[in-house]
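As C-alpha cells, one chain now follows by itself in the form predicted alone.
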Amino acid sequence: MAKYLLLKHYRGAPAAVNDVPMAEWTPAEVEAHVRYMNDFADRLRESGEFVDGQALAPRGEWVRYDGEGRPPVTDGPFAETKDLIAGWMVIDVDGHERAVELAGELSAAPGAGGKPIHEWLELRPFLTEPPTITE
C-alpha cells in the first residue's frame, strides 16, 4: 500500500473547467458539493483506502523560528498570489495508478449549476525513504 496526499487548491492551481468561485454558489450547490466529498470519503473508508481528510479555513500564517522571543509571522510567502489550499485527503492505495484514478474522480465534485468542477488536484506521494544523494 502507498499513501498519497490529495490537495484541493481553491486558488493557486490551474483553472478548473467549472471555475465559478464557491462564494458565488447557491446554498444547495455548496450542500451538494459537501455531500459528494463526504460520500466519496465514506466509500474509501469502506474499501480501507481512506486515512484522513479535512477542509481548511481560508486564513493561515507562515511562521518560522528566528531566535529567542516571538517568531515572526507573515500572511504567506506568496502574498501577491494568495494561494489557498481548501482541503486535503490522505489515501492509502495499492499504487500510483489507483491514486490517479481516485484523484480524477474527486476532481469531478459538483460545483455551480450542479456541473462537475473538474478541478486540478495536487497528488503527492508520501516519502517512504530518505532521498539519496549521488555525485
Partner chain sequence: MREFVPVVIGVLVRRGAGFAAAEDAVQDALVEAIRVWPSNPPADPKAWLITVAWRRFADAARADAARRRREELVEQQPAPGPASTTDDTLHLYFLCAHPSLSPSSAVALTLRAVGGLTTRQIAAAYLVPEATMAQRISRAKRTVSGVRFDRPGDVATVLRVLYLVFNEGYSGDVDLSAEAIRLTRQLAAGYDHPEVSGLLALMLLHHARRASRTGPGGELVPLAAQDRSRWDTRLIAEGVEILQAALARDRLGEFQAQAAIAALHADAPAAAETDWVQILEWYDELAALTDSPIVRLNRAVAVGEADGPRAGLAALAALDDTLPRYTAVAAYLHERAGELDTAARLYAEAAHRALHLAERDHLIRQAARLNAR
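Numbering follows the first chain given and starts at 1. Quick caveat: nothing in here was measured; it's all calculated off a predicted structure.
Same protein, other form: the form predicted in complex with its partner chain, not shown, and the subject of what follows.
Original post:
Which one, Asp94, Asp66, Glu31, Asp39, lies within 4.5 Å of its partner chain in the model of the complex by heavy atoms?
Top reply: After the contact test, the surviving option is Asp94.
Original post:
Wondering, does Pro58 line up within 4.5 Å of its partner chain in the model of the complex on heavy atoms?
Top reply: So Pro58 does not count as contacting its partner chain.
Original post:
Heavy atoms within 4.5 Å of its partner chain in the model of the complex: does Gly48 have any?
Top reply: Gly48: contacts its partner chain in the model of the complex.
Subject >> Leu127: touches its partner chain in the model of the complex, heavy atom cutoff 4.5 angstroms >> reply: Looking in the model of the complex, residue contacts with its partner chain include Leu127, since a heavy atom lies within 4.5 Å.
Original post:
Which one of these stretches, 58-66, 101-109, 40-48, 23-31, sits within 4.5 Å of its partner chain in the model of the complex when only heavy atoms are counted?
Top reply: Heavy-atom contact with the partner occurs in 40-48.
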